[in-house]
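What follows is a single chain, given as structure tokens, in the form predicted alone.
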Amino acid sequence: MDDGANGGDEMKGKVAVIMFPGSNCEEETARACRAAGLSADILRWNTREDLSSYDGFVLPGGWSYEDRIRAGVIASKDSIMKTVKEESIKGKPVLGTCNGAQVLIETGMIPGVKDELQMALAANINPFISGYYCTWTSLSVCSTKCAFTSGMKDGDVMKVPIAHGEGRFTTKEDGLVKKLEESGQVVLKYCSSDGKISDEFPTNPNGSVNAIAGICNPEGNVLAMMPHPERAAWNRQVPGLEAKPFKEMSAPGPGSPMFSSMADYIEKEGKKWR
């Protein structure tokens, strides 16, 4: 993984980073994609470009439409999301981080067991702060069936930040969470630095059910996660690693495997939709 400049190397594929009114993570998200060997274009929500030419999509963080009504719901109704959903059915990978995860939940693409809204990303619950909470967390990889964790191992731990006010995975549907756990759709969980998963604060920073931080669809090509892997794509972004020698600081950070996994998935599976 380089520092965002591809140096003329052959790309593994082309992805679109979809920017809604209020998105604020599109630039660093595109940079992390490019560093993983992907060509990345930042597209506005009202673009007229033919999205079928793209091999994957990323919905970055921010506050689309000022989080009015509830986070992600207005963006989920934009016509571009109908197209993204249609492209995902072909097998193309779709990653939603933070606000992007909220959009995917509101479209019903996650968890995707039924073609309807099944979950919510509700207001955070923790003992100290009401609303927006920003901190560094550790994530345990619980499933590698997903396009974004296929290059990792079960039990791998990633240090990445969160920054949200509505990030608590929850549902009123009886048995749904158990079904997602059993099917391997629960991809990421909050854990301690040594990999111990816990529902308790501060390990679980927002009260998410079963400490869930990321869920994929049944096919494994769509992932909604609340933490920000693009903000830990290089070691220099990570507390405790930023004061290392330059070469070490410029090395891929703990969030980078998610983007390299996506790139490898596109390179391997792209013939199915091209």
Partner chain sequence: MNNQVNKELIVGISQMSDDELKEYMKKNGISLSLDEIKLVPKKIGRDPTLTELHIFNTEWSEHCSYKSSRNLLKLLPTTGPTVIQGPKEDAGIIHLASVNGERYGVVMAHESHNHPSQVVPYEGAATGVGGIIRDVLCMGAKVVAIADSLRFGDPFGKFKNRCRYISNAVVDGIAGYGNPVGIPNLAGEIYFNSSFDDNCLVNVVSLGIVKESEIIHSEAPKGAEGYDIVIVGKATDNSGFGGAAFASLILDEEDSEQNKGAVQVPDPFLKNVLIRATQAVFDEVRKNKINVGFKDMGAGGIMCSSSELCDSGGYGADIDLDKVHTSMNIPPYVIACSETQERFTWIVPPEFTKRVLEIYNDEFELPNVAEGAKASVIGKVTKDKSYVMRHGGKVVCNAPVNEITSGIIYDREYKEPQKKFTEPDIPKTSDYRVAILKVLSHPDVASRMKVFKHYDTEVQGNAVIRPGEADAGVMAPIDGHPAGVALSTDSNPRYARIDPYWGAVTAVAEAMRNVAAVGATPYGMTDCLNYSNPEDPESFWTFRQGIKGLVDSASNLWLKGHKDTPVPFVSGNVSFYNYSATGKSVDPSAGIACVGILDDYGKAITMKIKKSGSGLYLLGERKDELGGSVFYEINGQLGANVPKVDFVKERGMIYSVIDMIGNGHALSCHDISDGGIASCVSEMILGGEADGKTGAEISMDAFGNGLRDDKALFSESTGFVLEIPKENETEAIKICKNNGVELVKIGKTGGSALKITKSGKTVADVPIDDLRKSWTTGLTEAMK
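Residue numbers count along the first chain shown, from 1. In this text, all values refer to a predicted model and were calculated from it rather than measured experimentally.
We do not show the form predicted in complex with its partner chain, though everything after this point is about it.
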Which one of these stretches, 218-226, 63-71, 204-212, 50-58, sits within 4.5 Å of its partner chain in the model of the complex when only heavy atoms are counted? 63-71
Within 4.5 Å of its partner chain in the model of the complex - does that hold for a heavy atom of every one of 102, 106 and 197? no
For residue 23, is any heavy atom within 4.5 Å of its partner chain in the model of the complex, or not? yes
Close approach of residue 11 to its partner chain in the model of the complex, 4.5 Å, heavy atom: no
So, in the model of the complex, is residue 83 in contact with its partner chain at a 4.5 angstroms heavy atom limit? no
Does its partner chain get within 4.5 angstroms of any non-hydrogen atom of residue 134 in the model of the complex? yes
Exactly one residue in 129, 89, 157, 117 has a non-hydrogen atom within 4.5 Å of its partner chain in the model of the complex; which is it? 129
Let me know which residues along 43-65 have a heavy atom within 4.5 Å of its partner chain in the model of the complex, or say none if there are none. 44, 45, 46, 63, 65
